[in-house]
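Just one chain is shown here, as structure tokens, and it is the form predicted alone.
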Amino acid sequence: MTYRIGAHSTSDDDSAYRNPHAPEQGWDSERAYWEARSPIIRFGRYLQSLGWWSPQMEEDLRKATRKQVIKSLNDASAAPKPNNAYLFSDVYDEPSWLQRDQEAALNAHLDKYPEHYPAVVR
């Protein structure tokens, strides 16, 4: 187990449950205290001490990964939209009554407001 440094989500105000004070003297905040104990940061330092990793390698990896992620997002955005029928057909062999009701409600909504869903494939 380790301390979760970030909030649960962008809509989560973690100041409601974070302690603004460090658990020990000599630290600016609770977050700074736990960041110093981060297993990811500690493992990175360990790899550096063995000569297997470096700040330059870290920076290069981050840049390359960022490019890959942006390309993947752009590719996914350009891909054709999936057929809505697959929302209800790819988990269970036979849809439940609730899934059939949800599919009917979705289709009724799409039929009522087609101008708001021009890219929907049905």
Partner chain sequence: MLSSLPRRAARQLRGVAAPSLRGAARPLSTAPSDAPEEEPETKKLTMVAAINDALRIALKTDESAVVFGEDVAFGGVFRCTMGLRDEFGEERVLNMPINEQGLVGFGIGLAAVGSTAIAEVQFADYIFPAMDQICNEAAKFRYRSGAEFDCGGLTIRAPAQAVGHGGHYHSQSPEAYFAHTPGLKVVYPRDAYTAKGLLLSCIRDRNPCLFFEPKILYRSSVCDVPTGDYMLPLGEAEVLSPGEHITCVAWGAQVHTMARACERAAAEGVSCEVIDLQTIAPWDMHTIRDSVQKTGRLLVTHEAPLTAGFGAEVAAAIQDACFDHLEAPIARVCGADTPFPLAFEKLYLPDELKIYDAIMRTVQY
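Numbering follows the first chain given and starts at 1. Predicted model only: the values in this text are computed from it and were never measured.
Separately, the form predicted together with the partner chain exists; it is not shown, and the next lines address it.
Proximity of 27, 33 and 45 to the partner chain in the predicted complex is absent: no residue of the three has a non-hydrogen atom within 4.5 angstroms. Using a 4.5 angstroms threshold between heavy atoms, residue 67 stays clear of the partner chain in the predicted complex. Using a 4.5 angstroms threshold between heavy atoms, residue 117 counts as touching the partner chain in the predicted complex. Taking non-hydrogen atoms only, residue 109 approaches the partner chain to within 4.5 angstroms in the predicted complex. Interface residue remark: residue 102 is counted as part of the site for the partner chain in the predicted complex, having a heavy atom within 4.5 Å. Only one of 41, 91, 73, 61 comes within 4.5 Å of the partner chain in the predicted complex through a heavy atom, and that residue is 91. Counting a residue when any of its non-hydrogen atoms is within 4.5 Å of the partner chain in the predicted complex, the hits in 78-92 run 81, 82, 83, 84, 86, 87, 88, 91.
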